[in-house]
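A single chain comes next, written as structure tokens; it is the form predicted alone.
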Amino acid sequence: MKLSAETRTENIDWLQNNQLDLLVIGGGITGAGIALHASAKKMAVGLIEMQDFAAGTSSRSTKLVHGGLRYLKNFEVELVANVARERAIIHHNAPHIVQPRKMLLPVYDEQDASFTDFSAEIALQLYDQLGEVSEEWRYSLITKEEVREEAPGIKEEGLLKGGLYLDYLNDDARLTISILKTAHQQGAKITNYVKAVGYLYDEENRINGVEVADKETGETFSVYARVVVNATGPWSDETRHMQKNRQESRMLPTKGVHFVVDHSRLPVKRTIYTDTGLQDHRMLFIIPRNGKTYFGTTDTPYEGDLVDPKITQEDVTYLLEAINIRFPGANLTLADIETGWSGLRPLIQPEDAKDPSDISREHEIFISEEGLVTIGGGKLTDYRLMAEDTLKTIESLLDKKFLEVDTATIHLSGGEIKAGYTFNDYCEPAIKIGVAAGLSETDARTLIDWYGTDFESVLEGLDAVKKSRLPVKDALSLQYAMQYEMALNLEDYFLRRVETLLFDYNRMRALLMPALEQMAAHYQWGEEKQQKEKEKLISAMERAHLTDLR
């Protein structure tokens, strides 16, 4: 089902001329999950996002669906149990995006270690139990020699053993887009680049809609809804402060930074989760991905531009020091970093001051006197649970029950695998279809891994891309992003519809102009618009490459 620029125009027209049951402000994974749940319940639901979908936190995470092993240190057993069980549900609904892997927890005898020889095994056993992990994927312990084999170059001093345990690889933006596409298929009216600029009120001074601005056209219009939900993550306070009555700030955004290097510089064989070695009670992820390795993250209180949280020299120094402690022979420097990204965690300010790493990742719903519903906190992995709780709140406010649904059974766009079959069962015949259409086997498999069962819709673009100067795989992907994923510009595409800008940076210069030509032809851009979009993408490339720090 197409989700194009034309769909966007149609959705905006519909939003202006119909009253909604629910309007969601925020197109990250939290808002997307709420929109999907509400539309599945046959509510009239709209969603607006002031930037591109997933442009905030939901494209800037560690790109895992994990249960939060470290939260067991803080005895957050209920949180871990809820989130750990969600991993398998999300994998079942989006097997092309969320994939199970055995990850490695090295155990060290060192000062302030998060997990000791004794506690590591207890934590891993409890983690499996809380997540109801099947026997095939249960944890196992390996020797320090086996740890060294899995992680060549890892620090050997103090190394005792390792634990292999289940968590899931993911692409955060891809998952968010798939949820939104599924919500669209269920009837939700969604649009990017539409910003909430004020609230509308009824005679009792209760919010009954939002005044919005279309950032593409500059036009403003009103959207009326019986309930408005603020699902804007780090922007939650800003969105709450637009109300007439003064609102106390509730959010404490913290910044998380990740860096990408070539896999040859950090040749780990699987995801590693380890202490930083800096005695700061922080953990470090080291993750291999498509010929690269990325690592992070920081966790520092943040004040500043929420749209573009800057990576600082302090971030670079901290993460390089940590990675070089754990891999002392790597001697990584800024010159090794190909790209990086910085995102903000939408944490809720606790009553007592704590280290940011100790603040709970539980979510919370609060309702203002004017009727605005805000959902804050939470983790990517529990987006579905956050949506369930939000919809219960909405039904209570409306004093009305809508259709009962269980979103655990709703396959996301691209994940519609027949009952009794696995994703791998789908892949083999799909590759043959791709090869018959003229793709190489490698390109067909790459597109199938990225788009899942939507691959057949991707192939429909073959005729449209015959004149493109892009490699056929990239041309098909770009065409699909414009027709089915509401990608309106090059940054939308390269940063959030595919992973090229972050994980294949060295190809970007070669792809830029052919991609610009294809997009310009599709959208009928003039020279001035083309130049503007080219400059925007180059600026995004420079930010990702940390150009101002070199």
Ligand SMILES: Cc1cc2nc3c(=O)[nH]c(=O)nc-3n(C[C@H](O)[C@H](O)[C@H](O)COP(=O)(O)OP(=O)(O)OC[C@H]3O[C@@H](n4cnc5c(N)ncnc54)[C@H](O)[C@@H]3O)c2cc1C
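Everything numeric here is computed off the predicted structure, so don't read it as measured data. Numbering starts at 1 and runs along the sequence shown.
One more form of this protein should be noted, the form predicted in complex with this ligand, which is absent from this view; the next part is about it.
From the list 124-132, 139-147, 194-202, 390-398, the contact stretch for this ligand in the predicted bound form under a 4.5 Å heavy atom rule is 194-202. Although the partner is absent here, G378 sits close enough that one of its heavy atoms falls within 4.5 Å of this ligand in the predicted bound form. Mapping the unseen interface onto this chain, T62 counts among the residues with a heavy atom inside 4.5 Å of this ligand in the predicted bound form. Interface residue remark: S58 is counted as part of the site for this ligand in the predicted bound form, having a heavy atom within 4.5 Å.
In the predicted bound form, this ligand lies within 4.5 Å of some heavy atom of Q51.
Residue-level contacts in the predicted bound form: of G256, G415, G209, G461, one residue has a heavy atom within 4.5 Å of this ligand, and it is G256. Of the listed positions (G434, G163, P346, G452), a single one reaches within 4.5 angstroms of this ligand by any non-hydrogen atom in the predicted bound form, namely P346. Along 21-35, residues I25, G26, G27, G28, I29, T30, G31 each place a heavy atom within 4.5 Å of this ligand in the predicted bound form.
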